[in-house]
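Take a look at this single chain, the form predicted alone, given in structure tokens.
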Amino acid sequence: MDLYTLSGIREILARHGFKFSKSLGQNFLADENICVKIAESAALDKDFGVLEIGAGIGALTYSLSRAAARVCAVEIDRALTPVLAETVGDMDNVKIVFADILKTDISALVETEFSGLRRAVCANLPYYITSPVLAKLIECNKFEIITVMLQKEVAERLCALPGSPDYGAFSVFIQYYTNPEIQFTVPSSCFVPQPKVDSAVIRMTVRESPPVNVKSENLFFKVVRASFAQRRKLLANGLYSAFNRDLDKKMISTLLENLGFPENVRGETLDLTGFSRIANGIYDILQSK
């Protein structure tokens, strides 16, 4: 059985009458070295249970099963049932769950499948569900490490620094909850069929606690969203649009001035500390009313 060559993959898929689905963003990894490197990047050992999202034909699943104690792969396409039965069906430490990850109770799943184990995520994520899946994985607060292959531009966005064109609200969200690091890039030639863009593997080590102190996380992220809603416009204008029911322009200008920000500051130049200071300042104003 050959999971890592174009001819081998085509033979397996043809044997089971499988056809690729464009709507599911299916691009199967076809490089054994890359599969091994992804598992190594996740720093897995036999103390870990690993959640994989999108098993495909099982190429990465196989590498993960050799590195970790247990692998639970959530795959949305039931047409892959006979394919996966052939490729990883005889592996005692692998379970395939056919479900939509966005509709899955991840917390319940990992508690059932990974009892007594450390928990990690390792996946070749379909591009079209990257942001909602990452948000769900982080917000469920069940994993130590999240290692995923993404579109290269998206991976760069998650690691972007303040002031760079790639820096945005989702960058702040990811960096608030995790320490993201790009491990290596993967050319499009490593996939079947080949996507139009290159990919990158990013490891996000989940923080035990956020790197800044905020008095209200909901308010903090409201400030972040407001700061990027009108990109390249003054931060004061974005904050006024979000908080005009409670704060007038003078109050916002005074707050920014008291915090030491110039009147022409823009949201995309702020780091997590800057956002937290503004959010905590607004929190204090609202509490004093």
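Note that residue numbering follows the sequence shown and begins at 1. None of the values given here were measured: they were computed from a predicted structure.
Beyond what is shown, the protein has a form predicted in complex with S-adenosylmethionine; the following relates to that form.
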Next item on the list: May I ask you to choose, among L235, L60, V223, L51, the residue with a heavy atom within 4.5 Å of S-adenosylmethionine in the predicted bound form?
Entry: L60
Checklist line | The unique member of L272, L24, V265, L13 whose heavy atoms fall within 4.5 Å of S-adenosylmethionine in the predicted bound form | finding: L24
Note to self: Given the stretches 106-114, 171-179, 70-78, 140-148, which is the single one in contact with S-adenosylmethionine in the predicted bound form, using a heavy atom cutoff of 4.5 Å?
What the structure shows: 70-78
Notebook entry, point to check: At the 4.5 Å heavy atom threshold, is L239 in contact with S-adenosylmethionine in the predicted bound form?
Noted result: no
Margin query: How about A160 - does it come within 4.5 Å of S-adenosylmethionine in the predicted bound form, if we only consider non-hydrogen atoms?
Written below: no
Margin query: Check A99 for me: does it contact S-adenosylmethionine in the predicted bound form (non-hydrogen atoms, 4.5 angstroms)?
Written below: yes
Margin query: When the contact criterion is heavy atoms within 4.5 Å, does A55 count as touching S-adenosylmethionine in the predicted bound form?
Written below: yes
Item checked: in the predicted bound form: members of 108-129 within 4.5 Å of S-adenosylmethionine, any heavy atom -> N124, L125, P126, Y128, I129
